[in-house]
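Next up: just one chain, as structure tokens, the form predicted alone.
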């Protein structure tokens, strides 16, 4: 009893709450970023020119007289996302079971409770573990090759570089992890709950499921398009898509004449 009184009189640390807030903040940024990223990547469905325009815009080509852009802009963007990714992963590891015994206890409790949101957390934890490795590979490639984003170079990486299995796994994990994570953030912090928490929960679950299906479908279609382009471009690996640059040069020549 005396030891309990001594412990209860100690000042409680706010560090766990701050770390939890940091985890939620980085998760929110990364989740929203991945949705935007998927929409931009999905532009390949509308053709090579559309994806090339997106890639050049990300390189700030509109600020360049030649229209070639600045790959260093992509480098800084990827560096920021990579940093947030590592921080979020490290913060998330605090809540993982640290050994097999803890994992078995947790799994037994999950089966006993059969609670949907607890099961969603488990899916989020597993996909997060896979993403830590698969996502790091993808981000490292982008970090070291910021100028390699384009219809042909990206497709070559998918097919000739044999990266399509990793991208497929990463796509599934990202969309499941991100959708569940954003849903759980809404529940945790009381966003969009309304007056009836139960009805709000069900509505958010339906929205989460629809968004996950939409982005998974978009991602798979985009990956298939890259595969088709990559197969057709196998004999010209390393070639850049220069259609936009050619148009700029033709316009420049006409203006001079």
Partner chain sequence: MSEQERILKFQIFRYNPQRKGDKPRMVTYEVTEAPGMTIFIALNDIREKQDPSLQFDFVCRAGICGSCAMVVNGRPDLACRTLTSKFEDGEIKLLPLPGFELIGDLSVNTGNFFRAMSERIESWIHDQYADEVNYDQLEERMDPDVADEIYELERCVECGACISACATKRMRDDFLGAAGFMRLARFAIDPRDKRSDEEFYDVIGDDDGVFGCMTLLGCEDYCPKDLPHQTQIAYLRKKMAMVR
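Numbering follows the first chain given and starts at 1. Only a predicted model underlies this, so the values are computations on that prediction, with no experimental measurement involved.
The discussion below concerns the form predicted in complex with its partner chain, not included here.
Partner contacts here mean any heavy atom within 4.5 Å of its partner chain in the predicted complex, and among 180-188, 153-161, 76-84, 128-136 they occur only in 180-188. When you look in the predicted complex, the only residue of 123, 143, 168, 106 with a non-hydrogen atom within 4.5 Å of its partner chain is 106. Taking a 4.5 Å heavy atom cutoff to its partner chain in the predicted complex, the contact residue among 68, 37, 201, 48 is 201. Mapping the unseen interface onto this chain, residue 20 counts among the residues with a heavy atom inside 4.5 Å of its partner chain in the predicted complex. When contacts are judged by a 4.5 Å heavy atom cut-off, residue 16 counts as touching its partner chain in the predicted complex. Under a 4.5 angstroms non-hydrogen atom cutoff, its partner chain in the predicted complex has residue 112 among its neighbouring residues. A residue is said to contact a partner when one of its heavy atoms sits within 4.5 Å of a partner heavy atom; residue 64 fails this definition for its partner chain in the predicted complex, lying far away. Of the residues in 72-107, those that come within 4.5 Å of its partner chain in the predicted complex through at least one heavy atom are, in sequence order, 94, 95, 96, 97, 102, 105, 106.
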